[in-house]
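One chain is shown next in structure tokens, namely the form predicted on its own.
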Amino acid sequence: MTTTAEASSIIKRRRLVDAAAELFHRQGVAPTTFANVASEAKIALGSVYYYFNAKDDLVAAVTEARKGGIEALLARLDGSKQPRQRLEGLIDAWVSDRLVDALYGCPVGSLCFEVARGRGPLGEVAAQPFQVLMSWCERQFRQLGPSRDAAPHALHLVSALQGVSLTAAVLADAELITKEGKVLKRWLRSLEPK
């Protein structure tokens, strides 16, 4: 049984992680300070240090939260009966986030890229959200058609979604994601056995 103090602590830590995630997405990891996070979360600066000894700890927590968000999305998509429907659901999720992606890029992709670029101890942590997404896509493609094509198709889909998010952010054009979503859905239909 969780006490009121424990529940309050969990909520405060979650607010800090959510605030850091928002700041990392809007302005990047490098320029974001603990003071920025405390201000965004409307929590005393000392609390950030209480929950996170170093910035790397906070980055790891945000990356883990992003991975959890992907896992939750994929679990919802697993409710669809057919693999193509599940994959189309992933594309639809990207299209529904197009306005945010056109401002700052994909929240997961931009964070993982920035963290992985240094390839320090957080490099493996940064790879995890992508590994979860790639593995899930590969399973869907394996069910959709020849298993030999599953890994390259999964790579193509994830790369296309991440690439269009980056392109939409650079060109400030959210509708590029909508257009690419339609292309990807046509491609998925072409892969189904006739």
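Computed from a prediction, not measured in an experiment: that's the story for all the values here. The first residue of the sequence shown is number 1, and the count goes up from there.
There is also a form predicted in complex with another copy of the chain; it is not shown, and the following applies to it.
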(request) Counting only non-hydrogen atoms, choose the one of 66 to 74, 53 to 61, 158 to 166, 38 to 46 that falls within 4.5 Å of another copy of the chain in the predicted complex. (result) 158 to 166
(request) Answer with yes or no whether Gln143 is in contact with another copy of the chain in the predicted complex, where contact means some heavy atom within 4.5 Å. (result) no
(request) Please check if Cys137 has a heavy atom lying within 4.5 Å of any heavy atom of another copy of the chain in the predicted complex. (result) no
(message) If we define contact as a non-hydrogen atom of the residue within 4.5 angstroms of the partner, is Ala102 a contact of another copy of the chain in the predicted complex?
(response) yes
(message) Using a 4.5 angstroms cut-off on non-hydrogen atoms, would Gln131 count as touching another copy of the chain in the predicted complex?
(response) yes
(request) Would you mind checking 79 to 114 for residues with a heavy atom within 4.5 Å of another copy of the chain in the predicted complex? (result) Ala102, Leu103, Tyr104, Gly105, Gly109, Ser110, Cys112, Phe113, Glu114
